[in-house]
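Listed next as structure tokens is one chain, alone, in the form predicted on its own.
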């Protein structure tokens, strides 16, 4: 491939520079799992909203338990009950106890809870067999969340714990970034769908499923998936449809062969080519650019967000990623470039890749010139993290992605790496 190859981190930076975060939309909490918050969430109230018991037992005045032990129980009169959702009706007085359930409101006058196992669990009167200090087994109002506290920042992804926190502060609806709409085109006369007998020279269209799965796992909306034959007119028609979304992902057809029509078609459609060719194995012939389109109007609903265009005019643009057709190359370049762009569109926090270092357990032969990304299994040992390639690292060996926990990055300038050397790794979800 002619021209200077772009380094991995530079290619990622160039793509992220062209991302415009998407506008927020209201999302019911029951549908918000996996979505990204577009604004911080502040609690109006204390959580918990009242002092409550951490144990089943008896609410007491700590002073009434002074000197109590297993031989000399303090005898208190049971004057009521406080259970979850049903607080006691009167204030606790000297020499009295109120039976209490975990989570129930601590009655007025009480300043401690005695666990039921530290009593004789009496009826009208209870024997307390321990001395307790004020505050024992009481959860204070606001102990978890104070009024006015920011509980979740903008950019937080809503998982099960986040959903629970949102409920606890009374939010039934949250503002989340709109999910980017992504179209996938897989190119090639040789592609067939699963379930069909293979004709001579044909292959099954695995990229349509692996890349589509990565799109949905990244938080985007998969708008369409289409096979495009090696034909210029068909390529132009399919690309024109795909460019109406936020992102178009094209697998194959981005190289320089006589049947690779993607790059000239994109140029004819007004695409800005940002880079073509990455110093990367697998994934060298990766293409990235943008295609502008006019401002959205009533007759063009559902189009991407508007951003500043050349000369300050209002235009939108679709991000276009041309990924290699080899199945491993398509997955690796998606994880390196497309997924970070999707996460940035969503406004997700921590867009930097999750990287650390590990010991490489095998010799890896390499010539300088391109970075190599090895699909590896990750293992924690006493001396730290270790990685080992999953299997043969050919770009056509899709099963090398099975069980891969990380991509080991062997830099462009590096030569052969000996077993036991530390390498940088990028973690996979």
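Positions refer to the first chain, counted from 1. No experiment lies behind these values; they were computed from the predicted model shown.
Below, we turn to the form predicted together with a small molecule, even though it does not appear here.
The contact residue chosen from 205, 218, 290, 235 relative to the small molecule in the predicted bound form is 205, the criterion being a non-hydrogen atom within 4.5 angstroms.
Among 119, 265, 101, 326, the residue placing a heavy atom within 4.5 Å of the small molecule in the predicted bound form is 326.
Annotated contact segment (heavy atom within 4.5 Å of the small molecule in the predicted bound form): 326-334, selected among 340-348, 326-334, 237-245, 172-180. Using a 4.5 angstroms limit between non-hydrogen atoms, residue 187 touches the small molecule in the predicted bound form. When the small molecule is considered in the predicted bound form, residue 191 lines it closely, a heavy atom lying within 4.5 Å.
Shown alone here, residue 252 lies within 4.5 Å of the small molecule in the predicted bound form, counting heavy atoms only.
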